[in-house]
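The form predicted on its own is given below as one chain in structure tokens.
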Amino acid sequence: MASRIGMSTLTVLVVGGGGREHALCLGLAKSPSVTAVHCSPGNAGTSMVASNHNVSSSDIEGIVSLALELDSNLVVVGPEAPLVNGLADSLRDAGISCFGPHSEGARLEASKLHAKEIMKSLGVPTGGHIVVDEKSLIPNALDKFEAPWVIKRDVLAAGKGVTVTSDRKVAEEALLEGIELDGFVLLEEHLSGEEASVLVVMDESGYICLPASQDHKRVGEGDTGPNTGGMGAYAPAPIVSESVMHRVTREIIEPMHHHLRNQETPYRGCLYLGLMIDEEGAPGVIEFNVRFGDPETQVTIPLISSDMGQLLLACAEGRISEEEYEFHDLCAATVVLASEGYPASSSTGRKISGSEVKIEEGMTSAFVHYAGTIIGEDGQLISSGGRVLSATGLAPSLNDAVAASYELIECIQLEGSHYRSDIAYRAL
């Protein structure tokens, strides 16, 4: 369906500089409706398919000025912090369509307590919670829930504000630290089962669910070791069967959509559902995010066969219900290559080689999504972050998609780097 702007005339600015933003740029660059893709600040990968600009994603005024200078029809915001700080509000005030919710909508991710209160009021399934704001309340609060305990700071903490532990002393220390840092902290009931993610493109007119995926948050094999930003993902995730998805839609998406569409300023963007599916197939919400996930984006965007530029523009303009959409009948898997020391620290400034390799054999392919990377003065690819890149495979079967990802990542050399060798093990 043609946009009000018309086909083949979109200039799109993507905000951010990680693997998620490279995936978005790749998807937009393939869209028939998009004539120009820009990214700020971007990375080495985005520079290969878009024009990079040296404006930080946290510079709200700078991003708005850049969007106006580029005569952008659409701005797609990758990270959560600019959304929380009002980037979408400022862009819309300037007359620019933005894919990403306004600052009030972004509170669903900025405040875990706010999200819990919304879910409780709507009857959305989630774990119980207690607000702990005094040291003396800690012992009694821990007695309310069985181990393992889940302790969450009520701030944006880049995925590092959550402690899950069965060690009571560790739980006590995490609660005390949260109180000292923020004045209060959340203690949540632990949900058991298997995790999954569903990315929902949502506006006041309707919503579209992208294929369900599963992230691998722990650094070590078999989901061991400390949490990371994500060491790999795959989609579609078989744990989210047709019957499970029906429950997710009825019990979570529908009530959230009804609530968000009726706010003074409607929600327009991606609502990320972090789910736990129990043994009976009952879903519960672990968290909401207000943007595309990373690395989930790397395995969901390549599965969209529709014009992605039109899809995101329709959402930004509040008319997603008018948009037709289709997905490729393929599976996707991505394996993250992390720098030495990650997640505790990150060795940067090291040369990367072999990432230019691509695999194409019939319906099977594999390519690189770049994240913490820059191009040096001599044209050499250099590491600049903890999660450096990921090898993404597409194939008719999950087995073949995973195999293609590992075939590609084994071609890449980066001193001290590491990756998990068991991505998608739960499904396989």
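The first residue of the shown sequence is 1; numbering continues from there. Quick caveat: nothing in here was measured; it's all calculated off a predicted structure.
Just so you know, the form predicted together with a small molecule exists too; it's not on screen, but the next bit is about it.
This chain is displayed without the small molecule, yet in the predicted complex the stretch 187 to 195 from 323 to 331, 187 to 195, 100 to 108, 67 to 75 comes within 4.5 Å of it by heavy atoms.
This chain appears without its partner; in the predicted complex, the one residue of 253, 156, 150, 137 with a heavy atom within 4.5 Å of the small molecule is 150.
Between the small molecule and the residues 129, 319, 217, 350, the one pair within 4.5 Å by heavy atoms in the predicted complex involves 217.
Although the partner is absent here, residue 223 sits far enough away that none of its heavy atoms falls within 4.5 Å of the small molecule in the predicted complex.
Taking the partner from elsewhere, residue 200 is found to have every heavy atom lying beyond 4.5 Å of the small molecule in the predicted complex. Shown alone here, residue 81 lies farther than 4.5 Å from the small molecule in the predicted complex, counting heavy atoms only.
Among heavy atoms of residue 204, none comes within 4.5 Å of the small molecule in the predicted complex.
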